[in-house]
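The chain below stands alone and is given as structure tokens, in the form predicted alone.
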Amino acid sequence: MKETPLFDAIVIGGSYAGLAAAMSLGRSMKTVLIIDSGKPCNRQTPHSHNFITQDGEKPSAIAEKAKAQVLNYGTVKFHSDLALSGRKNENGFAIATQKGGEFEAKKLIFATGIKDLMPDIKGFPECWGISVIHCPYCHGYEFRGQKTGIMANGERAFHLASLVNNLTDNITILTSGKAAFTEEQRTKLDRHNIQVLEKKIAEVDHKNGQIKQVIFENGDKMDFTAVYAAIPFEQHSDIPVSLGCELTEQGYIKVDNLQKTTAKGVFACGDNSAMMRSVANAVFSGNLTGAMVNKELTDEQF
């Protein structure tokens, strides 16, 4: 019977954060296994922005190039599979996968991202990441000067409106129910000619993911070129919590400034543990995580 190798680290999630962490470790000659199911959250997004040297590139092209570079390091291996469960053992941790494998490592890195929870609005999922967007820094410049909606309410809608206001002067907030703004917020919105509509949204009419109009439950319609949407999310993987990782009130994996979770030997990076949801931030946090895992391994072995 073939003995299962003990890796220095298993990285669960092989997108930008996970690959960056693996590269840091690979360059320090640490043995690394990346487990990835091949379903990144930005797979519908046509172009990535606000990341120097890669501005305007397809997200998949960035990931493919990164993967090829990471796997040039001989101590890094890639396994296409879905991690289903994890447990602590005498060596550190064991991860079981959908294809029936079990892999062991001294340390774990979760770069599993988050799962967006789509509202029950026809056409919304097809437009998500294309013309129904989440971040002015990632997508806003491309829709500058265009008629723009903000599908949110309260503090989140107000925050988005303040950022988007620098990109276009044609903004409508779509609360899809009773607006929840303070008197001061309403005064500022009025001062910037930002309309607030409380009508409930029934459908996003689009062509190939490009929004044409929002259709309300009462039959009214309004044209838009882009709509920002603040939607809820959940963790892609429940393994971190099962191992003792705490979540923040917002639902992110709680990490310190060295990307350590509240479970010893377990680290997290990328969208699963940061509000700043961008490729650049994922790469940064993954790079830092790899270095910190390497330091912890070194301190234990030297």
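The first residue of the sequence shown is number 1, and the count goes up from there. Just so you know, these numbers come straight off a predicted model, no measurement behind them.
There is also a form predicted in complex with a small molecule; it is not shown, and the following applies to it.
K.L.:
Given the stretches 164-172, 216-224, 195-203, 110-118, which is the single one in contact with the small molecule in the predicted complex, using a heavy atom cutoff of 4.5 Å?
P.N.:
Only one stretch passes the 4.5 Å heavy-atom test: 110-118.
K.L.:
Which one of 160, 189, 76, 138 is close to the small molecule in the predicted complex, taking close to mean a heavy atom within 4.5 Å?
P.N.:
Exactly one listed residue reaches within 4.5 Å, namely 138.
K.L.:
The small molecule isn't shown here, but in the predicted complex which of 27, 47, 65, 254 has a heavy atom within 4.5 Å of it?
P.N.:
It is 47 that has a heavy atom within 4.5 Å of the partner.
K.L.:
Does every residue of 42, 128 and 271 put a non-hydrogen atom within 4.5 angstroms of the small molecule in the predicted complex?
P.N.:
The answer is yes; 42, 128 and 271 each reach the small molecule.
K.L.:
Even though the partner isn't displayed, in the predicted complex is residue 82 close enough to the small molecule, meaning a heavy atom within 4.5 Å?
P.N.:
Yes, residue 82 lies within 4.5 Å of the small molecule in the predicted complex.
K.L.:
Consider residue 31 of the chain shown here, and say whether it contacts the small molecule in the predicted complex, taking contact as heavy atoms within 4.5 Å.
P.N.:
Result no; residue 31 lies far from the small molecule in the predicted complex.
K.L.:
Does the small molecule come within 4.5 Å of any heavy atom of residue 245 in the predicted complex?
P.N.:
Answer no; every heavy atom of residue 245 is more than 4.5 Å from the small molecule in the predicted complex.
K.L.:
With a 4.5 Å heavy atom cut-off, would you call residue 293 a contact of the small molecule in the predicted complex?
P.N.:
Because no heavy atom of residue 293 falls inside 4.5 Å of the small molecule in the predicted complex, the answer is no.
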